[in-house]
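Only one chain comes next, encoded as C-alpha cells, the form predicted alone.
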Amino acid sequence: MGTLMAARLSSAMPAGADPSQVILFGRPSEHLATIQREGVTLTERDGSASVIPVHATSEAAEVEGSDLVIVLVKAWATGASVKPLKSYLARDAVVLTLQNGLGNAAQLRSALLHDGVRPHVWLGVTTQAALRTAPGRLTHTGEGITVIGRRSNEVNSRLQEIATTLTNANIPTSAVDDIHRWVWRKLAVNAAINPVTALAGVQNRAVRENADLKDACQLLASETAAVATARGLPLDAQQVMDAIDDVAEATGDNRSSMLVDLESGMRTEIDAINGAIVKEAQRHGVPVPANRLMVSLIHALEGRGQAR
C-alpha cells in the first residue's frame, strides 16, 4: 500500500516537477532496490500496466523538510519504522497513519518525540487494496475510500488540503470530523474478514458466499460494535455487516493480508486488530469470546502460542 500511494502521488506531479517531492522510504530490500533502478510497475484492475518512476530511499535524511509523511507499515512495526525519521521531521509536519488496527497513532507520537517536540500525528483509514507480485511490481486489487481526520475532530484547512492532494492523485479521500468512528468501523471490518479468511484459507469473497463464514463474521462484528458503543462511539452491527459485504465484494479475489502473512511465515496484525478489541473490551466489561478465540487461533498458527 505504501508503494501504491507513492506511485499515485508521483504520477500526479506536473511535468518537470522535482521527483524527490514524493519519497518512498523503507528498509533496504530487493523491492526498494528494484524501484530505484526501474521504477514501480503498476498493474491496474483493468489489466493495463505502466512503469512509474518513484524516488525510493532507505536514507532517513532524505525525508528532511517533508510536509506530509504517510505511514503504511504493519502495525507491529510502526515505532521501529519511523524512529529513524524523528530528527528530520519539523514540528509542523503531518504524519498520517492509514494503517490497520488500533494504537498506531500512540506509537507514532512516542517514536517521533525528539528534543521534547514531535510532528502532528493524524488518523486515517483506507479500503484501497494492492498486492506486491514481485520486487518493484504491484497490482491494484481493490478500489475504496480513504478518510482522514484529527484527534480534535475539527476539519481545518490543512486536513482538507491533504484530502484534495490525495484525491487529485487518484486516491479518493474525504476529510471528516468523526475519524474515530471511521477507525472503529474499519477495525470491525478487519476483525471479521482478516482472521476468518486466514483461518479458513479462502479469498475475501467467501465471507459473503459461505453461510458459516458469514455467521462467524456476524459474531465478530456484533462484539466489536458493542465495544465501540461502550467507548462512546455508537456502531451498528448490521451496518458493519453491510460494510463487510461491500469490502468482500470489492476485493473478492484478494487474499487478506493476514492470510498472506500466515502463508509467508510472517507475524500478523492480530494483536492490533482483534487483540486491541479484546483489550478495550476488558476496560469496559464487554464479553468478546469470538475475538478472544481469533487471537488464540492466529497466535497458534503463527507458532507463538507456546510462548504465551
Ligand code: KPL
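Numbering starts at 1 and runs along the sequence shown. As the structure is a computational prediction, the values presented were derived from the model and not from experiment.
Unshown form predicted in complex with ketopantoate; subsequent notes refer to it.
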Checklist entry - Would you say all of Asn104, Gln107 and Arg118 touch ketopantoate in the predicted bound form, counting a heavy atom within 4.5 Å as a touch? => result no
Checklist entry - Is there any non-hydrogen atom of Ser256 lying within 4.5 Å of ketopantoate in the predicted bound form? => result yes
Checklist entry - Is Val247 close to ketopantoate in the predicted bound form, meaning a heavy atom pair under 4.5 Å apart or at it? => result yes
Next on the checklist: Would you classify Val147 as touching ketopantoate in the predicted bound form, given a 4.5 Å non-hydrogen atom cut-off?
Outcome noted: no
Checklist entry - How about Ile193: is it within 4.5 Å of ketopantoate in the predicted bound form, going by heavy atoms? => result yes
Item to check | Segment that reaches ketopantoate in the predicted bound form - one of 222 to 230, 209 to 217, 122 to 130, 109 to 117, heavy atoms within 4.5 Å | outcome: 122 to 130
Checklist entry - Since exactly one of Asn204, Thr97, Thr173, Thr78 fits, which has a heavy atom within 4.5 Å of ketopantoate in the predicted bound form? => result Asn204
Item to check | ketopantoate: the contacting residue among Thr43, Thr251, Thr57, Thr34 in the predicted bound form [heavy atom, 4.5 Å] | outcome: Thr251
